[in-house]
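Next comes just one chain, in structure tokens: the form predicted alone.
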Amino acid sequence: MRAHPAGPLHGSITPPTAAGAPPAELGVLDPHVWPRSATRVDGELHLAGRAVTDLVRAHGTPLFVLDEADFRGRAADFATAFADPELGADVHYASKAFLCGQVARWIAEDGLHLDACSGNELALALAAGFPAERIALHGNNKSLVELQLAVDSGIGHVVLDSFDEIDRLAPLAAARVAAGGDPVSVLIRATVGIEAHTHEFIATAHEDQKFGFSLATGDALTAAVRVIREPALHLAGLHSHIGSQIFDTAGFEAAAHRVVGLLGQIHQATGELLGELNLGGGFGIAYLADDDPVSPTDVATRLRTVVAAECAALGLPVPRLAVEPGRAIAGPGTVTLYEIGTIKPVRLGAGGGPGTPAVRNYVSVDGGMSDNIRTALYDADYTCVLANRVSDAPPALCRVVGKHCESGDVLVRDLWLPSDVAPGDLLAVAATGAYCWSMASNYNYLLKPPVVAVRDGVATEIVRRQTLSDVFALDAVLADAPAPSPAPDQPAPEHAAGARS
């Protein structure tokens, strides 16, 4: 564990070497990490046919740039991989990764299902016109209001997470049935006891955590039997989820083995044959060149094989499969653009051994942990490049940091950038489409950046930049106050960034 998030300058700790040796060429766009459309034209980064300096002049920084074809192409990859002409299969977009009205409409148009993890995510999807019957509602603490919205809207499934939730949902479902409606379709979320190889905070299937009904204690079977005995509830199947940013299929295969075993227990106890098995999401993406995520085709093939074998061993029919990719669809196709404001060389001390730089440049940008909390929260790794130009200057060890009043406000912990990067240059951080904008905050009263979708060179703002007036509107004292300078409601028409391009 790091002794201090800002660095090693205390306790005689040897400077880290996480950046490795300088690459042979700086600014290379690894196709495993960057959007499918990313390229350099005359040295400048282009995304989906549009120069980043053009985007910044029009929309300012920080700026999320989403490659629409990349996003929709990855969604199609999952839909194709899991298509099953005999049994059918459902791909649910895990909307917590990134959701807005336009994304909900893309997912709807492309035929996928959608997961909502709160009543407000559900409300957004419904407001965008997403078909209710293709929505599932998750969450470990669904309120009566959220459950009522789900029941009234006629969503496809409520994923039950606790006995308290069964108590809350059953009378709402009974009222719908009494009024002539159908029983509410539900899944039981089973905690399968799999230790996923991921960060502790995003591992969700081990026993000591807040989600689901435990298989080990028998709670999952008890919950299933109880739901089956509720006439206003229809137990459609089972659900499991083992974590996020997982690079191999072994955990998913082990989870499938255990959940199919629960299908067998339910059949033995009640005679019911459940028709659906949702094995969750958590499929990893490449944030760095060395990351090696599993393809949708490999995941689909291995899961089908395991489920079929387990069902055959128990004499059960093979259920309809479902999965829930979120990061794997939204993550790789979005890049965050920042303007460099300050560069501060910091001496690392005399230690560190041969080849270890004596200085690290702290490169400060105009965003930070308010638009990407993942580095501080999860030790997430990112890479970035100088975006508005290329440089043949020698490499310099850098740490890209934000402008917040936190020493842990780090975006990219260790990397090599050209030694001539300067204030006004643009940096592009790759693979920021998942859990960056959706976890954004107003810490230090910074404003949430816009999201611009680009396709074939045409840029469309799908989430506008938050303004100080938006924030003031929530303040009981300042609601009617004008937003003073130097915090304009909109970026200047010609933004300073990219002037060197």
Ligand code: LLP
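So that there is no doubt, residue numbering starts at 1 and follows the sequence shown. Just so you know, these numbers come straight off a predicted model, no measurement behind them.
There is another form of the same protein, the form predicted together with this ligand; it is not shown, and what comes next is about it.
In the predicted complex, this ligand sits beyond 4.5 Å of every heavy atom of residue 417.
Although the partner is absent from this view, residue 34 stays clear of this ligand in the predicted complex, with no non-hydrogen atom inside 4.5 angstroms. Taking non-hydrogen atoms only, residue 239 approaches this ligand to within 4.5 angstroms in the predicted complex. Residue 439 belongs to the set of residues with a heavy atom inside 4.5 Å of this ligand in the predicted complex. The partner is absent here, but in the predicted complex a heavy atom of 374, alone among 374, 258, 302, 72, sits within 4.5 Å of this ligand. Screening 96, 413, 134, 226 for any heavy atom within 4.5 Å of this ligand in the predicted complex leaves a single hit, 96. The stretch in contact with this ligand in the predicted complex, judged by heavy atoms within 4.5 Å, is 325 to 333, chosen from 83 to 91, 325 to 333, 145 to 153, 168 to 176. Residues from 113 to 139 that approach this ligand in the predicted complex with a non-hydrogen atom closer than or equal to 4.5 Å are 115, 138, in the order they occur in the chain.
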